[in-house]
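Here you get one chain, nothing else, as structure tokens; it is the form predicted on its own.
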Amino acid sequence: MAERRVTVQSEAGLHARPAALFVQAATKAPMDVAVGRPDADPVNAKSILSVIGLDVRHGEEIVIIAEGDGADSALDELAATVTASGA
């Protein structure tokens, strides 16, 4: 299992458009992908309601988890969607 810890850079946090971009990227991944706060159970990263429900704010850290072939690539792409300040 691979994981990335990243800090959300979007001023909106992981809500609205940034969440939609994140979920779109997660949906492209051929494996299960989860996301969560470091101190909580992760949720399905391919579910917009689950991702928005995390209520992640600007500057907070999240953990993105994937397992399987291509997991590292998928995690790199997902990390990039939340660390881009323009998202």
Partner chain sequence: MPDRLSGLGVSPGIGAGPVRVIAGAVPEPPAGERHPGDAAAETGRALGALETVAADLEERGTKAGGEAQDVLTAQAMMARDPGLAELAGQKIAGGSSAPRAVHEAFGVFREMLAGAGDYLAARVADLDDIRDRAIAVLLGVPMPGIPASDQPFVLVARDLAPADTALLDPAKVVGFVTEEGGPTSHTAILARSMGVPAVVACPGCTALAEGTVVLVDGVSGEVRPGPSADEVERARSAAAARTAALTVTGPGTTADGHAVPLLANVGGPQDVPAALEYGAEGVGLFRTEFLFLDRTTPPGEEEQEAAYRAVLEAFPYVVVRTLDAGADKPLAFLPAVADEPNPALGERGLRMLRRHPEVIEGQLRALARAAEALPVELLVMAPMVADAAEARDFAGLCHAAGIGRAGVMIEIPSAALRARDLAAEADFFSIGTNDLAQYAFAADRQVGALSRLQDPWQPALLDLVALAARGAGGKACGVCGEAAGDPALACVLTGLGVTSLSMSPPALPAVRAALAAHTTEQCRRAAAAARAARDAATARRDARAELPGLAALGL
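Positions refer to the first chain, counted from 1. Since the structure is predicted, the reported quantities are computational estimates derived from the model, not experimental observations.
The next section is about a form of this same protein that is not shown, the form predicted in complex with its partner chain.
Chemist: Can we say 66, 68 and 73 each have a non-hydrogen atom within 4.5 Å of its partner chain in the predicted complex?
Modeler: Negative, none of the three is within 4.5 Å.
Chemist: Just to confirm, residue 49 within 4.5 Å of its partner chain in the predicted complex by heavy atoms?
Modeler: Contact check for residue 49: yes, within 4.5 Å of its partner chain in the predicted complex.
Chemist: Using a 4.5 angstroms cut-off on non-hydrogen atoms, would residue 58 count as touching its partner chain in the predicted complex?
Modeler: Heavy-atom contact with its partner chain at 4.5 Å: absent for residue 58.
Chemist: Is residue 23 a contact residue for its partner chain in the predicted complex, using a 4.5 Å heavy atom cut-off?
Modeler: Flag for residue 23 set to yes.
Chemist: Examine residue 30 and determine whether its closest non-hydrogen atom to its partner chain in the predicted complex is within 4.5 angstroms.
Modeler: Flag for residue 30 set to no.
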